[in-house]
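For reference, the chain that follows is the form predicted alone, supplied as C-alpha cells.
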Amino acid sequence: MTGTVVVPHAELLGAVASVFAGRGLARDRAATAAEALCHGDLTGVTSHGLVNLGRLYLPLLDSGRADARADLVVERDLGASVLADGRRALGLWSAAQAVDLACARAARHGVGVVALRDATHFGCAGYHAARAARRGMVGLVVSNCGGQRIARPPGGAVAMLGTNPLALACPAGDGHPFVLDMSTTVVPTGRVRQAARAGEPVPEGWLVDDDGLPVTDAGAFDRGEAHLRWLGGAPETGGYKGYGLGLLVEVLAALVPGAAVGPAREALTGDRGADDGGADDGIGVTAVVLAPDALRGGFAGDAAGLFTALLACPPLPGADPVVYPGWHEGERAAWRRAHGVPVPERLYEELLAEAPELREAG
C-alpha cells in the first residue's frame, strides 16, 4: 500500500484514544495521549506520529514496560519546583501532566519547574512545550533518552548519549506560536528509520561509520554500522555545539530529577542500551514554565510584535517568505484540522485493526 487515507482529525483522535483506553488508560489520559501522538501527523512531523503507535507505544504497554494505570507521584514539593516520579506511566500523557503542573506553579510564582524521573517516551517535545504557550506562558521541555545510547562524543569510540530533544514554545499574538522542537543530534532516530522503511538513502552528513566516514544507507543505523552525528556536523562546523546541547539536556533532564544517564560505566564496554523499539528505560523529563505576565505587563504585546516583525522581514530575491519555527507546522495543523489528516494506508489499516469503529465513523 502506497496511498493515503484522509481522516477527519476528531475521528483520528477518537480512534487512537479508544486504542489507549483499551490498553487500560483512563479516558481523559487516553485522550491526552492521542492528542500528543497525533500531533506529529497533524503538524507534518510524521516520524513522531501515528507510525509509533504499533511500533513503540502499544509494545511498551503490552510488555508492561509502560504502566497504563500508573499515576505521576510528587516526591518533593517546594512550591515553584517539584520533583516527581512518573512510575513508567505512558510518557505521552505524563509529560503533558508535568507541563500542566509546571504551568499551575508558574501562574502562582512566575516560574514553575517539574523534574520527572522514571518516565517513558513522550513523542513530540514541541507538543508538550506548546501546552504552556496556549496559556500565554513560555514553556521549555527537555528529555534525555534514559539508558539508551545512540551518539558518540566527538572523537569518541563508543556511544554515550541519546538524541536528547528539547523544545521551547512561546505565544506569538494572533499568529501561530513559536515552537522550536529539535533533537541535539543532526536528526532524530525517527527520521533515519522513516527513510529506511521507505527504502530511501539519507543525506550525507546524517550518519557516519566507525571511522567517521559518511554513510547514506539508512538501514545501516539499525544494523549498528552507522552512528548519528551531532547537530552542527563535524567539529569544524559546530558539532561540539550539538554535543554540548546534548549534555545540557542530560544535566537538566537526567541529573536534576535523578533519572538514568547515558554516560554510565557500562557505556564504556560499547553497550548501546535499550534500543528504540524497547522502552528507553529510565527517561528523565524536566519542564520549565515562565509566566511573564506574573512578572511584568506588556509581554503578550511584545511577543506579538517580535514575531510579526520577523514575518515582515523582506526575503532575498527568489527566496521563500521569512517565517519562524512553528509557523509552517501551525499552518499545516490548521489546514488538517479543517480538511483531515493524511494517513498512509498501511498505518490506517493497522489502526482499523485496533479500532474498527474508525471505518464506521468514516
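Bear in mind that the values here come from a model prediction, so they are computed numbers and not experimental data. For every residue, the number given is its place in the sequence shown, counted from 1.
This next part talks about the form predicted in complex with another copy of the chain, which is not shown.
Look at 192-200, 227-235, 119-127, 86-94: in the predicted complex, residues with non-hydrogen atoms within 4.5 angstroms of another copy of the chain sit in 227-235. Remark: Met182 counts among the residues lining another copy of the chain in the predicted complex, judged by a heavy atom distance of 4.5 Å or less. A residue is said to contact a partner when one of its heavy atoms sits within 4.5 Å of a partner heavy atom; Arg152 meets this definition for another copy of the chain in the predicted complex. Heavy atoms of Ser81 reach within 4.5 Å of another copy of the chain in the predicted complex, making it an interface residue. In the predicted complex, Ala26 stays away from another copy of the chain, with no heavy atom inside 4.5 Å. Checked against another copy of the chain in the predicted complex, the residues Ala70, Ala333, Val322, Leu58 give one hit for a heavy atom within 4.5 Å, which is Val322.
Looking at another copy of the chain in the predicted complex, residues Val111, Val261 and Phe307 each place a heavy atom within 4.5 Å of it. Taking another copy of the chain as positioned in the predicted complex, the residues of 163-202 that bring a heavy atom within 4.5 Å of it are, in sequence order, Leu166, Leu168, Cys170, Phe178, Leu180, Met182, Ser183, Thr185, Val186, Val187.
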